[in-house]
Each structure stands twice: as structure tokens, then as C-alpha cells.
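Heads up, the chain below is alone and in the form predicted alone; it's given as C-alpha cells.
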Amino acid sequence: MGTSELLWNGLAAILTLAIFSFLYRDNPFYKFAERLVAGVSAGYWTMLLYHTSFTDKVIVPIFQQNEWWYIIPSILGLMMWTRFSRKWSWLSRISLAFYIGISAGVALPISMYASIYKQLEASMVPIAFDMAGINSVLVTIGLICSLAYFFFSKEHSGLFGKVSRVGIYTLMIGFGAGFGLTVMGRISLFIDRVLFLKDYILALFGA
């Protein structure tokens, strides 16, 4: 590891320890690292959006490719900044109306396909006498019971109440699995930082 890389990794190690110091209590070291990360992230994403969105979608099409119709979305984008003016803030509503309308038109078919059609397709598979088939049957039963829990036009009593209770258990299992996956993702980030500190110490002082 070269001197320059050693210094940069040292800075990263110090900032990592500053973030970990929040486990003890809130302190100035953690606040400094938190604000530094937020500032660097904001600056990075600003420049990234400038080079990947503003340059490619505004400067290049209008001034280099002579596609003048790109001026229309550019004007709508500039009108968004009128939100900071009390007198002209109403202009931003026009841009927001275009943005929300177009986003809804694009997102609704995609959401319907991914969240409804694909889910229904996955629950309508042929039944086979193997572990995959048993798993499909259990998923279908859990799906029906979960939908029964959200059927509020009928009192949840008797057989229907028992079915909806199974739906509650199914939902809790799903939420628990999602929470566990989130926790494991955070734990993996923690392990990665710990291994980074260990490797840096070994590189700094030797094995």
C-alpha cells in the first residue's frame, strides 16, 4: 500500500470510527462525520446529475444537435425554481402538473405489471409433487388467507375468522423476513467496515 493510499484509507478509518462513536452517545465527532458525508454526497450527486442529465438532456441536444424542442422541458424545469418566489411560485404548479401526470402515466402500467400481474402469475403455477410444488401450494394458501384478512365486508368469525388469522400469521412471517433481510444488510455493512479497519491496521503496523 502506497503512502497516498495509506493516508486516504487513514482518513476513511478516522471517519468510520467517528460514525461508530454514536454507539456511545451523540458527540461532535459523529456530527462532523455525518455532515461531511451529507455534504460530499450532495456535491457528488449534483455534479453527477449535471454531467449525466443536464449536459446530455439540455446542452448537447440544444446547442450541438440543434434539437430545439428540448427547450420546452428545459423551460418547465426552470419554472420549478419559481417555488422560491412568493410572486411567481404559481408557475411551478404547471411544471409539477406535467411531471406528476407523465410520471403517473409511466409508473401505473409498470406498477400494475410488477406488483399485480407478476404476483398473480407467480401464484398460478402448476402443482407438482415435489418440494417446489409443496412450496407453491403453501404460497397460494398464504395468499388467499392474507387476502381474506383484508376483506372487511364480512365479520371475521367462524371459519372465515380462522382463515383470516392464518393470513395474519402469513403477513407477520413476511414482515419478519423483510425485517431480517434489512438487519442482515446492515450487519453486512458493519462487518465490511470492521474488516476495512482490520486490514488498515495490518497494513499500518504489519501482521
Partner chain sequence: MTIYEKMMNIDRRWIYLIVGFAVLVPAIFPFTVPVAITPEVRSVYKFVEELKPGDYLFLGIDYDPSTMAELHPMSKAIMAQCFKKDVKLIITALSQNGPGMAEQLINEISTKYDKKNHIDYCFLGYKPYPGITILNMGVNFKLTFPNDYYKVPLDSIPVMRGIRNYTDCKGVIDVCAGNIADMWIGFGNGRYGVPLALGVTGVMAADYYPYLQSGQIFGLMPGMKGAAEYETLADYKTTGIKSMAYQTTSHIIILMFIIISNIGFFLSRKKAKLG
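Here the rigid core means the biggest group of C-alpha atoms that line up within 1.5 Å when the two forms are laid on top of each other. Positions refer to the first chain, counted from 1. Computed from a predicted structure; not experimentally measured.
Missing here is the form predicted in complex with the partner chain; even so, the following discussion is about that form.
The stretch in contact with the partner chain in the predicted complex, judged by heavy atoms within 4.5 Å, is 56 to 64, chosen from 142 to 150, 28 to 36, 56 to 64, 156 to 164. The partner chain is not shown here, and in the predicted complex it never comes within 4.5 Å of any heavy atom of residue 86. Contact annotation for residue 107: at least one heavy atom lies within 4.5 Å of the partner chain in the predicted complex. The partner chain is not drawn, but in the predicted complex it has a heavy atom within 4.5 Å of residue 45.
With a 4.5 Å cutoff on heavy atoms, residue 99 counts as touching the partner chain in the predicted complex. For the three residues 14, 16 and 93, a heavy atom within 4.5 Å of the partner chain turns up in the predicted complex in no case. Contacts between stretch 180 to 205 and the partner chain, counted in the predicted complex as any heavy atom lying within 4.5 Å, involve 181, 182, 183, 184, 185, 186, 187, 188, 189, 190, 191, 192, 194, 195, 198, listed in sequence order. In the core-superposed comparison between the shown form and the other one, residue 41 has its Cα shifted by less than 2 Å. For residue 27, a C-alpha deviation below 2 angstroms is recorded between the shown form and the other one after rigid-core alignment.
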